[in-house]
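This document starts with one chain, in the form predicted alone, laid out as structure tokens.
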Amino acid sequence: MRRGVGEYAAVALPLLAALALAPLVYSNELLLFNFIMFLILAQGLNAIYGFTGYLPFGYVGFFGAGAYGFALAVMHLDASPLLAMACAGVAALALGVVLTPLLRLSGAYFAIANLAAAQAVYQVISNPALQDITKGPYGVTLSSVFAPALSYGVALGILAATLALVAWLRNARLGLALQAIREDPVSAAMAGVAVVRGRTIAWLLSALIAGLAGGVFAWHISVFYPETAFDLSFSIFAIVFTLFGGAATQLGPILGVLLLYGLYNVIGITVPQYFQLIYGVLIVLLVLFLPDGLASLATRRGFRVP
């Protein structure tokens, strides 16, 4: 456990301090918030994929559930933002429980089924027949709780907790059991590891993290549409960032977000015609030469990556 605390301090604290101070010297707070949101999503995906090998293409479903859990609490219960954040987490957890049977699948079957489930949730939320409840396709406005500075601080708190969770998983008995499941579930079961329970815990933790990210996203922007909250690019970015940096570590997804999302905001905005080409080349090179992500460079040289 001491190793986990040391890893957390070495990686998380400088990052959190930099993000806390960044608004004082950089005026584009929305861009900084997006960095935090993708850091949370990448670490949340890391909790399920990095430690169990399950890759959820529809991870955005939990994010969207969290966003609408927050919005519904504000609109219909007149909840305070912090109580609405709790509702966001509960909504994502509830969806995770409903989708738990998907864990019986594996590989591409699990990924596709998860994507289909996320699309099904989106269709329900955006249904015009539910306009009185979800506002249907017409969008949600939460101007009564709009507080960018406060929601930015809460997002930092969620990121801190998420990084702590990953640091704990890397060293705790549960995390080691999950990694054994990822490598060989049959051998893990024969060794006494509760495979189904381990996968379910990782799945629900991952859902909770995405739901909280969705909730703080809804709070921060306060005006959004179903296609925004359930935008598949959230899943794609989270997956690419995690794989590029290196799964099952704290540092890997952080590197992926900082490098690739930073590149996206430099190239994708200034010269968008070259963005997809450069992104594609980077990903191909990664798959060919660093299939375990950037963090594996240090591992190959005998260093332990946090």
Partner chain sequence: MLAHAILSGLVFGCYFTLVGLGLNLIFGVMRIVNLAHGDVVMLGAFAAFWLFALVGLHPLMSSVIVLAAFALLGLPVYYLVVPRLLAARDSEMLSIILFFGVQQIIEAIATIAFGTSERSIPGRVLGRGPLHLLGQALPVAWVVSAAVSLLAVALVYLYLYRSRVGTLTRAVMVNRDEALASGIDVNRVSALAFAIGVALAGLAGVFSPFMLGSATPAMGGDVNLAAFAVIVIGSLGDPRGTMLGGLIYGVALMLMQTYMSAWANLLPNLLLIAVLLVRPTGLLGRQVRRA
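Worth saying up front: this structure is predicted, and the values here are computed from it rather than measured. Basically, rigid core = biggest C-alpha set you can superpose within 1.5 Å across the two forms. Residue numbers count along the first chain shown, from 1.
One more form of this protein exists, namely the form predicted in complex with its partner chain; it is left out here, but the text below deals with it.
Note that among 207 to 215, 150 to 158, 81 to 89, 118 to 126, the stretch whose heavy atoms approach its partner chain to within 4.5 Å in the model of the complex is 118 to 126. Note on the partner interface in the model of the complex: the residue among L165, L93, V74, L102 having a heavy atom within 4.5 angstroms of its partner chain is L102. Interface residue remark: I36 is not counted as part of the site for its partner chain in the model of the complex, having no heavy atom within 4.5 Å. Proximity of T200 to its partner chain in the model of the complex falls outside the 4.5 Å heavy atom cutoff. For the chain shown alone, E183 is a contact residue for its partner chain in the model of the complex, at least one non-hydrogen atom being within 4.5 angstroms.
Within this chain, I40 is remote from the site of its partner chain in the model of the complex, having no heavy atom within 4.5 Å. Residues are counted as partner-facing when one of their heavy atoms sits within 4.5 Å of its partner chain in the model of the complex; in 75 to 113 these are P101, L102, R104, L105, S106, G107, A108, Y109, A111, I112, A113, in sequence order.
In a rigid-core overlay of the protein, I278 has its C-alpha displaced by at least 2 Å between the shown form and the other one. The two forms, fitted on the rigid core, differ between the shown form and the other one by 2 Å or more at the CA of V287.
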